[in-house]
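The form predicted on its own is given below as one chain in structure tokens.
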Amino acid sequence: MITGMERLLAAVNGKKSDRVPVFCNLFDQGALELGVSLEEYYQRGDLVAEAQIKMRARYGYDNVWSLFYVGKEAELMGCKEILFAKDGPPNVKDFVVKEFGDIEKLVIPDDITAHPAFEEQAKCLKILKQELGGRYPICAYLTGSMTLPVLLMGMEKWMELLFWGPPELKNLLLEKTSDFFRKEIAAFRSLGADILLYSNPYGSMDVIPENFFHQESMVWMKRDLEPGGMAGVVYYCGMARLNGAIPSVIKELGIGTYYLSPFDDLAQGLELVGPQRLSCGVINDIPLIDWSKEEIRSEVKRMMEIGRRSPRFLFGTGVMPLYIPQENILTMLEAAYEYGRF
């Protein structure tokens, strides 16, 4: 039986296995899988690991996640309160930076792995490594330094500081969030994460002007990533369009894998990434809530027909909202396995 890691390595090397690798990102669904509340679920790394293992086995896709929720990074930087919804991802309730003056007081932990908020994530990753290591890629999620401030002070206040605030405070905050990122990615590497998803919507010209991308975003992305190198790093801009940024990222950073936007032209994205690098075609999973079986199969078929023209291609999803019916998840995955066969 071919494993997910074998499928991924075949794609990385431009070779064919039995089918295109399929990455399905199920997070909050883990609580439903185990019949517990989201708040209870995300308090325990063993529960997150158990659900990831069970869901991968039941659905048959090729990856698992050590991610709990994005706000977990804010907890590592001092956030004391997370809002747990009944039917959606947890979010930051109490911002660490309430006023610009709080930036100077912000403290980055010396050793992230010793922080209580990291203990359960480490436990989850260790279980995944023990149970699935070497057979299925283990993914870790890391928020880039330019996006982390949103978790610390909110979008509105960060945009104010980023574009109109005192430059010295903006740079001080970015130095701190970049230092945090470097520590975090080193921690996940040391624990054995195979795939390091570098999440940075500010790395997309869909979110910021082109000149700002080159003058600001690229500077901080280099600072984030260059010390540890690009091994295992996947470039991801949320669901924002990134085709316009791909040539510069390849030239300046040399990242080898791109998680493309469902709102970009897939064929163009594959051409920009080129046949020597790995591309992930990402389905727009929001419509999966309401799409019919026929609509789902048609979209997956369309993407696979385009993607299989590239020697290095995998199929992926976005954040997979909790409202997507289970039968629609199954329909999407069955279609991916069928139309992704070599």
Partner chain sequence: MATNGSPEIVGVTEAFYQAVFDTDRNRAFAVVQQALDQGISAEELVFSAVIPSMDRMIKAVSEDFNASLAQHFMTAQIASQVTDLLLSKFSQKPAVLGRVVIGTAFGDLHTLGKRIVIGCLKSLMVEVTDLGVNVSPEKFVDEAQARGAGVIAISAMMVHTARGEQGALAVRELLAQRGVEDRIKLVVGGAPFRFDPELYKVVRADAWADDGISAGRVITRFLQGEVL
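This one's a predicted model, so the numbers in the text were calculated from it and none came from an experiment. Residue numbers count along the first chain shown, from 1.
As for the form predicted in complex with the partner chain, it is not shown, yet the points below apply to it.
Engineer: Find the only residue in 267, 219, 159, 186 having a heavy atom within 4.5 Å of the partner chain in the model of the complex.
Structural biologist: Flagged contact: 159.
Engineer: Can you pick out, from 125, 142, 92, 245, the residue that has a heavy atom within 4.5 Å of the partner chain in the model of the complex?
Structural biologist: Contact residue from the list: 92.
Engineer: Is there a heavy atom of residue 286 lying 4.5 Å or less from a heavy atom of the partner chain in the model of the complex?
Structural biologist: Contact with the partner chain, yes.
Engineer: Is there any non-hydrogen atom of residue 176 lying within 4.5 Å of the partner chain in the model of the complex?
Structural biologist: No, no contact at 4.5 Å.
Engineer: Taking 4.5 angstroms as the cut-off for heavy atoms, does residue 206 touch the partner chain in the model of the complex?
Structural biologist: Looking in the model of the complex, residue contacts with the partner chain include residue 206, since a heavy atom lies within 4.5 Å.
Engineer: Counting only non-hydrogen atoms and a 4.5 angstroms cut-off, does residue 182 reach the partner chain in the model of the complex?
Structural biologist: Contact with the partner chain, no.
Engineer: Considering the partner chain in the model of the complex, find the one stretch among 101 to 109, 220 to 228, 207 to 215, 166 to 174 with heavy atoms no farther than 4.5 Å from it.
Structural biologist: Of the options, only 207 to 215 has residues within 4.5 Å of the partner.
Engineer: The partner chain in the model of the complex: within 4.5 Å of a heavy atom of each of 83, 155 and 239?
Structural biologist: Yes, all three are in contact.
Engineer: Heavy atom within 4.5 Å of the partner chain in the model of the complex: which residues of 99 to 134 meet that condition, in order?
Structural biologist: Sequence-ordered list is empty.
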